[in-house]
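In structure tokens, one chain follows: the form predicted on its own.
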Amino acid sequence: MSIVLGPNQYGKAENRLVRIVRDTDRHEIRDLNVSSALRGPVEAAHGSGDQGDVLPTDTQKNTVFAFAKEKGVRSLEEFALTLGDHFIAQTPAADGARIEIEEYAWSRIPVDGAGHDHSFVRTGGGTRTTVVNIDGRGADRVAHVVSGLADLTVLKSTGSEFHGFLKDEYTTLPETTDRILATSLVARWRYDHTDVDWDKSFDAIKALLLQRFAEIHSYALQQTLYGMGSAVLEQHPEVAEIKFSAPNKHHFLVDLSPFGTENPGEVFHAADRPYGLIEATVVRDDASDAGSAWHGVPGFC
């Protein structure tokens, strides 16, 4: 028997970066959480502690902040690709890089009917994400981009049913033709290439996901997710596949009959756990090979 080093990576996680663009009196803000990692055959570092092939995680951190100033942050995906290519170039022993970025949205505080030039308020609507995996360098370089959003909490107060399901001796759930459907959605989609207007594509896909959630008369959360994913693939040829992770945020009708009060679908108890967790992938039948695109992206089937 011999013991060898298996898959490994090292990097600096969760660099909290706020970039203010103040070229004019009207400032812009990008609020990011950036994680970087390099992978490759660094047996000496693990076997004997020899760090000759290792680009320190502190150097990775410094690069994130320096590049935010020197190169700017035009989109999450472009910034991640730039960082990944740089780290590969700086580290001969590395054969892959992974950059993950979350963005927290801010909007301008309205003053006298207009957004203030330099005062902002954090907004909801989910967290924008991207994960970029780069394999190789030079002519052998392959870049994979998986973008998406997390913590997008949505609810429809009707237009959702659930019935006809499998039953056994432990089934107590009643069938219903009218229920609240709510979830805190995580959606990530894999781009087929990198020739993309990243911000335009993200905005359009997010708007489409919300539109289809609202429009689809739901017989199950699975059906709703499939309809949302199908719409994205039909309207966005740049996307090869889309994955969803959707906890079913249950709302239970409260029994007010002991108090002599009817409750025609108006008062609910919102339960945070346990919850149904629905996961699904919607993919083109001719989708390109995913390669390492989903490396290090947890929480999906």
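Residue indices: 1-based, along the sequence shown. Treat the numbers as computed from the prediction; the structure is a model and nothing was measured.
The form predicted in complex with a further copy of the same chain is left out here; the points below concern that form.
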query	finding
Contact flag, Arg137 vs a further copy of the same chain in the predicted bound form, heavy atom cut 4.5 Å	no
Proximity of Phe120 to a further copy of the same chain in the predicted bound form, heavy atoms at 4.5 Å	yes
Contact test in the predicted bound form: Arg190 vs a further copy of the same chain, heavy atoms, 4.5 Å	no
Residue contact check: Thr176 to a further copy of the same chain in the predicted bound form, 4.5 Å heavy atom	no
Those residues of 254 to 277 which, in the predicted bound form, come within 4.5 Å of a further copy of the same chain by heavy atom	Val254, Leu256, Pro258, Phe259, Thr261, Glu262, Pro264, Gly265, Glu266, Val267, Phe268, His269, Ala270, Asp272, Arg273, Pro274, Tyr275, Gly276, Leu277
